[in-house]
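Next up: a single chain in structure tokens, the form predicted alone.
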Amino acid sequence: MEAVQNLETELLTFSGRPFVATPETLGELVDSADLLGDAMALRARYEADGYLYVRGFHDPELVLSTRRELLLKYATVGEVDDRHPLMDAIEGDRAGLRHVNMRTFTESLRTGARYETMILHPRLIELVGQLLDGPVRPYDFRWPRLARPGEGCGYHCDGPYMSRGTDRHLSVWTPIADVAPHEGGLMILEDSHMNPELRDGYLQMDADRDGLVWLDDDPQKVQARYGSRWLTTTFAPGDILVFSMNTLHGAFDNRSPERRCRLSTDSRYLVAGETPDPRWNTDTGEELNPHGPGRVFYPGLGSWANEDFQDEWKYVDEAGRLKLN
């Protein structure tokens, strides 16, 4: 708790809206590293809290080598400024972004050797299996994210986006470097996984069929309606945050004074043998276009309240070039 309360709270905003941080509105994620090796205790905490935060789960050197691998690719299109040390991820001018084939570029982000080693690590697969009480496999799709200064992530649950198959699956968010809350660290709404209004309404929806957008852009309003406190921390390389499909989450705006981009990834896993949501899985190796053809997963570059999924999915032309308004 103390670590969160000592933040520079004037830097905390969501969609530009200031967040009033008090002990009643903002708390610290509970570290479950001490439970590793005790599958029953891990599962009990995950089911009770709707999330599991494990500090220092991965080898930090693996995470930092993954960071370098990804940033080298982002630097080629000007997303980060290579006049600064690469690992600082200082915002670039994005001059090459409109000229690159985004289909191949985003595929290269998702299939890098170090990146795959991290998100498919046997130790992580084992942990997820303990939480889901069975052998697991990853979804085929992966979600690397670069959050530029000024960008965040809208409030939502993953359930409506992953609802066309098994309910025995979960999400893992991995910060790929140090990430403070004011740099866009993920935030979980305490007790939201048990909220009856979400359970009986929003979580019964299908994001594509029902045209879902972000729940709201006011963190205090979301908090009052759906849960208790917002929970976050200052993340370090090696940390992971696991959460259920019913857990409401989002991220503060990245307000890095150094104009540093936040780098993270989402990966998702299901019990082996269960039916995956076909939007995120393919048995043929063909390109996945879960929200319609002619798109790539590339978060940011504007804010549309995620109408037509535009905050995260961008239209491209036949040559794979971005088509931004």
Ligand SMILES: O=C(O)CCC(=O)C(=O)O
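Residue numbers here begin at 1 and follow the sequence given. Just so we're clear, the structure is a prediction, and the values are computed from it rather than from any experiment.
The same protein has a further form, the form predicted together with the ligand, not shown here; the description that follows concerns it.
J.: Have a look at R268, R295, R260, H58 for me and say which one sits with a heavy atom within 4.5 Å of the ligand in the model of the complex.
T.: That would be R268.
J.: So which of I240, I176, V128, C153 reaches within 4.5 angstroms of the ligand in the model of the complex, heavy atom to heavy atom?
T.: Of the listed residues, the single hit is C153.
J.: Is S264 close to the ligand in the model of the complex, meaning a heavy atom pair under 4.5 Å apart or at it?
T.: Yes, S264 sits close enough to the ligand in the model of the complex that at least one of its heavy atoms falls within 4.5 Å.
J.: Although the partner isn't part of this model, could you tell me whether E91 comes within 4.5 Å of the ligand in the model of the complex, counting any heavy atom of the residue?
T.: Answer no; every heavy atom of E91 is more than 4.5 Å from the ligand in the model of the complex.
J.: Examine D158 and determine whether its closest non-hydrogen atom to the ligand in the model of the complex is within 4.5 angstroms.
T.: Within the cut-off, so yes.
J.: Any chance H169 has a heavy atom within 4.5 Å of the ligand in the model of the complex?
T.: Flag for H169 set to no.
J.: Sort through 243-251, 225-233, 77-85, 97-105 and report the only stretch with a non-hydrogen atom within 4.5 Å of the ligand in the model of the complex.
T.: Within 4.5 Å of the partner lies stretch 243-251.
J.: Heavy atom within 4.5 Å of the ligand in the model of the complex: which residues of 176-203 meet that condition, in order?
T.: If the 4.5 Å heavy-atom criterion is applied to the ligand in the model of the complex, 176-203 yields only L186.
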